[in-house]
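In the block that follows, a single chain appears as structure tokens, in the form predicted alone.
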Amino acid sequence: MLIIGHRGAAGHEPENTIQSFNKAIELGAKMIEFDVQLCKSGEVVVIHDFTLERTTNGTGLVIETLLTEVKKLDAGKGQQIPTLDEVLDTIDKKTVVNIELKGKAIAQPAAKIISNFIENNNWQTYDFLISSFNHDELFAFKKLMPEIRIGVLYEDIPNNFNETASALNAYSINADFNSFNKKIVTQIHSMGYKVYAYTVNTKEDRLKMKKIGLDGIFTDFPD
């Protein structure tokens, strides 16, 4: 079962920061998940919430904040909010990355950066998994980079999940771990998809997910 560092190693270090990603690598995560969205000046920044309050000492919407202002904020332990370029430079192919697209119009700028790292930094297409709850953005990304793997994100898995997953030629179905049981996992596997669950932070839940046959779990504690 694949251990995926959720926002790096968010149980140990400030989430979605360089320090958190380095910690996840140190702890042996085989994949690292993080979130990307646009700031006001158009750069792709790595932060989960659409607002700044929870994870930084700033206020307001990310989309209404210039990168120069974003970089002045403390994201915990003196860490900055990084850009997608900075995160990929840091991880440097040490693990596979699962990039979650947040908000609208993020697919094209994210694809441009990923394409650049494949062309110029020796990254491979299989080093990336792109996921989102915004399935329109997944379709937009798939059109731009059809060779990159797609993970379809759900909170609860709908009965017609295969319509979207099939149309995207998806690699995986990613959902809340409470959504899964043995029957659902078997059904998803029978359709050819991997099954990944978020966010599994206890030994009890980890063992349960392993027992029902999950392919991977997102966890704040990769160790």
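Numbering starts at 1 and runs along the sequence shown. The structure presented is a predicted model; accordingly, all values stated were derived computationally and were not measured.
The following text describes the form predicted together with SN-glycerol-3-phosphate, which does not appear among the structures shown.
Visitor: Given that the partner is absent here, does Lys194 sit within 4.5 Å of SN-glycerol-3-phosphate in the predicted bound form, heavy atoms only?
Guide: Although SN-glycerol-3-phosphate is absent here, Lys194 would stay clear of it in the predicted bound form, with no heavy atoms inside 4.5 Å.
Visitor: May I ask you to state whether Ile118 is within 4.5 Å of SN-glycerol-3-phosphate in the predicted bound form, using heavy atom distances?
Guide: Ile118: no, not in contact with SN-glycerol-3-phosphate in the predicted bound form.
Visitor: Verify the contact flag for Glu100: yes if a non-hydrogen atom of it lies within 4.5 Å of a non-hydrogen atom of SN-glycerol-3-phosphate in the predicted bound form, no if not.
Guide: Answer yes; at least one heavy atom of Glu100 falls within 4.5 Å of SN-glycerol-3-phosphate in the predicted bound form.
Visitor: If we define contact as a non-hydrogen atom of the residue within 4.5 angstroms of the partner, is Lys40 a contact of SN-glycerol-3-phosphate in the predicted bound form?
Guide: No, Lys40 sits far enough from SN-glycerol-3-phosphate in the predicted bound form that none of its heavy atoms falls within 4.5 Å.
Visitor: By the heavy atom within 4.5 Å rule, which residue out of Leu153, Leu73, Ile148, Leu144 makes contact with SN-glycerol-3-phosphate in the predicted bound form?
Guide: By the 4.5 Å heavy-atom cutoff, the listed residue in contact is Leu153.
Visitor: Partner absent here, but in the predicted bound form, which of 58 to 66, 160 to 168, 30 to 38, 180 to 188 has residues with a heavy atom within 4.5 Å of SN-glycerol-3-phosphate?
Guide: That would be stretch 30 to 38.
Visitor: Within 4.5 Å of SN-glycerol-3-phosphate in the predicted bound form, which residues of 1 to 21 have a heavy atom? Give them in sequence order, or say none.
Guide: Going through 1 to 21 in order - heavy atoms within 4.5 Å of SN-glycerol-3-phosphate in the predicted bound form - the hits are His6, Arg7.
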